[in-house]
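First, one chain by itself in structure tokens, the form predicted on its own.
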Amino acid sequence: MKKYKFKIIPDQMLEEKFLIKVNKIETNFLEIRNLICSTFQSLENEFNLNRNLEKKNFSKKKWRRDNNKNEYGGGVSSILKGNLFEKVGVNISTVSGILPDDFKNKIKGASNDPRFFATGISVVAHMFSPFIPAAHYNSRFIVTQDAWFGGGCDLTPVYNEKIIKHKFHSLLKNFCDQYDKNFYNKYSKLCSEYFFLKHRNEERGVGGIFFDYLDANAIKNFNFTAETGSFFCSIFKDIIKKYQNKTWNLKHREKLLKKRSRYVEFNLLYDKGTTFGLKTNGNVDAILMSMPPIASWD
């Protein structure tokens, strides 16, 4: 049996117990990362070339966990601060360790054995143009004494909300129906419920899909999780191309910055990924890369 590179792994992590090999999952997430970064870089390059603007590139930063604390693994954060993408972060990581006592009961399968393994990718894009929505996507694979896939994608537009929502959800339904006719209704509902600002009694954006606890031994669930990334990349590229040339002014920009405040509030108050990362001593800069570069409140 292949010896895995991380030292603290639940017994269930042994590869012969899985229909889908762990390195295949990691490789898929890496391929999605490369696809999204190359697509976004091309869009940024084209935008700058057509306007005679300075070229902007992704910068990458690697990080590692502290082995002395029984924490293993690390990741790469890729950040682009450009003229089309005001800030987009693409994170990929694979980590393992022991969940803290005050958090283990909140993670499925970790109450009696707090060891965990997690690998995943997350993307958050904040655009200069108020007419291009902020976008979020993530996929993850987590192992405790259980193992599951999770992820999803959603949009937060400032303008043309009804048009963007209708088109986005229509395409989402077509995508989900390829795997299960119940997926769209189930996961779009979960998305609306999850990305909800309780203190303001409003949704963060126009929704999308949000799924969790998909059985890791179902090939269909791996394929669905894997293809969510390429779906997101394709649909967001089309939205960018549609709205990137639309003229905007200071009033439009002010409305965008106020909308971003809702993004900040959700990620700091309710986001499970933020909590998981901080509770497991993840890289703080990578965890908080989803924050917009600037936002405003009344």
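This one's a predicted model, so the numbers in the text were calculated from it and none came from an experiment. Don't overthink the numbering: it's just position in the shown sequence, from 1.
The form predicted together with another copy of the chain exists for this protein as well; it is not shown, and the discussion that follows is about that form.
**Q** Looking at another copy of the chain in the model of the complex, do all three of 265, 269 and 288 come within 4.5 Å of it through at least one heavy atom?
**A** Result yes, every residue of the spot touches another copy of the chain.
**Q** Within a 4.5 Å heavy atom cut-off, is residue 81 in contact with another copy of the chain in the model of the complex?
**A** Residue 81 belongs to the contact set for another copy of the chain.
**Q** Check residue 199 for me: does it contact another copy of the chain in the model of the complex (non-hydrogen atoms, 4.5 angstroms)?
**A** Looking in the model of the complex, residue contacts with another copy of the chain include residue 199, since a heavy atom lies within 4.5 Å.
**Q** With a cut-off of 4.5 Å between heavy atoms, is residue 257 one of the residues that contacts another copy of the chain in the model of the complex?
**A** Yes - in the model of the complex, heavy atoms of residue 257 and another copy of the chain come within 4.5 Å of each other.
**Q** With a 4.5 Å heavy atom cut-off, would you call residue 87 a contact of another copy of the chain in the model of the complex?
**A** Within the cut-off, so yes.
**Q** Within 4.5 Å of another copy of the chain in the model of the complex, counting heavy atoms only, one of 161-169, 91-99, 148-156, 199-207 shows up; tell me which.
**A** After filtering at 4.5 Å, what remains is 199-207.
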